[in-house]
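Taking the form predicted on its own, here's one chain by itself in C-alpha cells.
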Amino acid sequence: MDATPEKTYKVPTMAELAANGEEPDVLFWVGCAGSFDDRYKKVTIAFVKILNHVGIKFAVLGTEEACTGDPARRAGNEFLFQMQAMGNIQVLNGYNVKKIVTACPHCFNTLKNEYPELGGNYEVIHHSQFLQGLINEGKVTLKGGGTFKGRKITFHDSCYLGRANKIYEAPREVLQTLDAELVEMKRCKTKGLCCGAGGAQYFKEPEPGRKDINVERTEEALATGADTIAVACPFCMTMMSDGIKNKEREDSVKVYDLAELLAQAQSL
C-alpha cells in the first residue's frame, strides 16, 4: 500500500513476521479487488484499521499473494485454476498458515471449499463472520450506535456468501451494532437477487434484454427507502454502485462495505 499522509494503519507481511520468527493469529487474504481496485482498496484499509484498533495479530502475503483461480475455474479453464491454486497453496503451507480471513466471498468460497482437494486445508472466515466475532467478544463496541444510528440501511446478499455458503446472519448482526434501521429488500437471503457479477456481467457487456440486472437490483434497494446500501463483496459493490449511478442517486444513496461502516462509526 502507498504511504500517504493519512496512513494511520500497519500492514505486516508474512515474510516480515517469519524473518522475526513470528506467526500471525490470522492471515488476511486481500484478494485482487482489495489490492488493485481503487474503490475496494478503501475497504481493505477500513478492515485493517479495525484489526489494528482491536489488536489482532495479522499479516498479509503482499506480493506473494496471487489470484485464487476463481475466475479461471468459473470460465472453464481448469488447468489455469489448478496452476494458480497450487502456487498459492505452496506459499500458504510454506508459512504454516492455519487461519485465513478475507473480505471477498469469491476468494472465501474458493479457499474454503475448493483448495482442500488440492492439499490446502485452512480455517477460512469471511470478514463479516470475523467482525461479528469481534462484536460478540466485546472487542468492537459502538457507544450510542455511532454515526449511522437511526438511519435506514439495506443489505444486499452476495451469492457466494449467501446461497453458496449460507451466511446470512453475520452481516446483519454487524449492521445491528450500528443501531440503524435494517430494511430488507423484497428479495433477500435465500431468495436474494444476484447483482449480475456472478453471471459475469462484471467483466462484459450484458446480453440484450429488458433491463440490466444490477439496475433491477438497485431499484429493489431504492424501494426500501434506505440511504445506505451495505454490501460484503467487491463485485457487488461495483455492480450496485453502477446501478446507483444509472438511477442518478449518487448524491443521496451510498454503497458501503460492512468494514467501512464499522470503521466510520468508530471514527477510525
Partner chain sequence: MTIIQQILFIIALATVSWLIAKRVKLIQRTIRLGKPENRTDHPQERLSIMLRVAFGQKKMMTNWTVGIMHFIIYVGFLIINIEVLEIILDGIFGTHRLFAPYLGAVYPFLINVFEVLAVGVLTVCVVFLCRRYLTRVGRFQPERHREMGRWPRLDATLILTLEILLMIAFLTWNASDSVLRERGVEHYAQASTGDFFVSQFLKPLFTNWDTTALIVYERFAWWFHILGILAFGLYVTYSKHLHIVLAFPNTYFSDLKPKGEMNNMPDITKEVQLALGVAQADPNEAPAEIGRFGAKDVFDLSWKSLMDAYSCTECGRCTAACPANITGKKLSPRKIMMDTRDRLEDIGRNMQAHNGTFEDDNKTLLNDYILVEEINACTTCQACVQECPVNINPLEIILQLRRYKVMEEAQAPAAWNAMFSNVENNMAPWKFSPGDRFNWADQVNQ
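Owing to the predicted nature of the structure, the values given are computational and were not obtained by experimental measurement. Positions refer to the first chain, counted from 1.
As for the form predicted together with the partner chain, it is not shown, yet the points below apply to it.
Comment: the partner chain is not present in this chain, but in the predicted bound form one of Gln176, Gln90, Asn121, Thr147 has a heavy atom within 4.5 Å of it, namely Gln90. Mapping the unseen interface onto this chain, Arg74 counts among the residues with a heavy atom inside 4.5 Å of the partner chain in the predicted bound form. Using a 4.5 angstroms threshold between heavy atoms, Glu117 counts as touching the partner chain in the predicted bound form. In the predicted bound form, Asp242 stays away from the partner chain, with no heavy atom inside 4.5 Å. When contacts are judged by a 4.5 Å heavy atom cut-off, Ser267 does not count as touching the partner chain in the predicted bound form. Just one listed stretch, out of 75-83, 96-104, 134-142, 147-155, contacts the partner chain in the predicted bound form at the 4.5 Å heavy atom level, and that stretch is 75-83. Contact check at 4.5 Å (heavy atoms) against the partner chain in the predicted bound form: none of Leu27, Pro171 and Leu182 pass.
Residues are counted as partner-facing when one of their heavy atoms sits within 4.5 Å of the partner chain in the predicted bound form; in 34-67 these are Gly34, Ser35, Phe36, Lys41, Thr44, Ile45, Val48, Lys49, Val60, Gly62, Thr63, Glu65, Ala66, Cys67, in sequence order.
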